[in-house]
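In structure tokens, the next block holds one chain alone, the form predicted on its own.
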């Protein structure tokens, strides 16, 4: 596939019925063969109020996927936990319990992952069509942190409110001296009911809500949403639109990685690097404004294509800006990557072994820094990436330095890709195709994108009337929070900000 031809889109995904008693065996077998667990959630299934577990299994070897449905009778609100056999499932199962009230029996460390004490017992936001808070319902059980015992062990509680402009999240450190023995991360403070809202707004307007899931990933979420809807409708966007979508995504990746490099410099007290990368990030965001009219590129990618084309004059100006940013990036990168003091602060800090990264399903730069050679753009032969000669960067050390190296390499690749996409822009191309007025009934669509943090998934189900009945989102941060907790163990308390920034995860993307 090197011609740039866009292949016809299949009409939705056919679900596969997998009985509960064979779910764990079938999933573990496929994972051993190289498949991936993309998403584990639940949904209500007609005609009654029964529930079904939903498992999205990805097959990078043949660029394929399957959606499994495992019915659960309404009288039984439990299922055997997959976590003892599939560690990656541990947060998925806790989220399923939060939102649907289904207990994963045998989960090794079961507790709420998103909903807090203020949510009453018996109220599950996604289980009932019109959930009602039970009268005089007791509060949910309090969240219990793992207790580390021993002489001299003490706890440091940080957050959820932090200094500066940062999303809320609670970190509970158990320390011996200055060394972190265990880190527990408690999120959910940004929970906005996004998935439920996406089933309630008119589907033609859902894209505005989808791209607001995590504002620094607007382009990625908008593209994943558009991809899922296009699969439902069996429509194929024009080749020009695919080029412009990819250009938008690579601009977003460039700006985010450059910003994180500046953040790394700030966390090690390297103010010169922080200032230089900070200024360059602003210029990268400016590319987004040149392309879409908004620095965060909102309201640009939509089902059927993109909102508008780009003129040849604007294309040439953007191409010059891309080359200028690439040149400036190469000038300032050695200031960080050849600085002995900076390298000493990053090397060996916050390591995640490749085996653990694979077990917990880590994705994106954090996963690839620990040897997980997986990038959606390559794995699924996505257009327009499939016709370009490029490779995803992979490291093995799994420390802060490896994650920084991945960002440096990915920024270079993104700028080269952006230049290649701009060269394919002409002045006479159609960038949008008509979209039908109604979604097809009883259909499934999936959008999978390599966002700058990693694998991003939007999974959409329609009911018998063609309305969206379930909209599930898996942000890449959902895969990687456990990796951050692992990276912090055995590190100095003073090194945690460095570990945290090297992952650069999204609280709002996790909490939904």
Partner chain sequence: MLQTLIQLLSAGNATQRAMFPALPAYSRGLPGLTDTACAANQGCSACVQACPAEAIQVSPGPAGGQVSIDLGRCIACNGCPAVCPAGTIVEDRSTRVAVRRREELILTNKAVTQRPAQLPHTSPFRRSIHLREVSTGDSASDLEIAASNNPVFDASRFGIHFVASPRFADALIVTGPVARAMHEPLRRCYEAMADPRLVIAAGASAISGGLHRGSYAEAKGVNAILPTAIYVPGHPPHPWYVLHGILLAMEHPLAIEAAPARLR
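Numbering follows the first chain given and starts at 1. Note that the structure is predicted; figures quoted are calculated from it, not measured.
The discussion below concerns the form predicted in complex with its partner chain, not included here.
The single contact residue among 294, 408, 433, 153, judged by any heavy atom lying within 4.5 Å of its partner chain in the predicted complex, is 294. Checked against its partner chain in the predicted complex, the candidates 145, 387, 390, 189 yield a single residue with a heavy atom inside 4.5 Å, and that residue is 189. Highlighted residues 85, 87 and 442: none comes within 4.5 Å of its partner chain in the predicted complex, counting any heavy atom.
Figure note: of the listed segments 362-370, 102-110, 327-335, 409-417, the one touching its partner chain in the predicted complex, with heavy atoms no more than 4.5 Å away, is 327-335. In the predicted complex, at least one heavy atom of residue 167 sits within 4.5 Å of a heavy atom of its partner chain. The shortest heavy atom separation between residue 348 and its partner chain in the predicted complex exceeds 4.5 Å. The closest heavy atom approach of residue 321 to its partner chain in the predicted complex falls outside 4.5 Å. In the predicted complex, its partner chain lies within 4.5 Å of some heavy atom of residue 290. Although its partner chain is not shown here, in the predicted complex the stretch 189-216 places heavy atoms of 189, 190, 191, 192, 193, 194, 196, 197, 205, 208, 209, 212, 214, 215, 216 within 4.5 Å of it, in sequence order.
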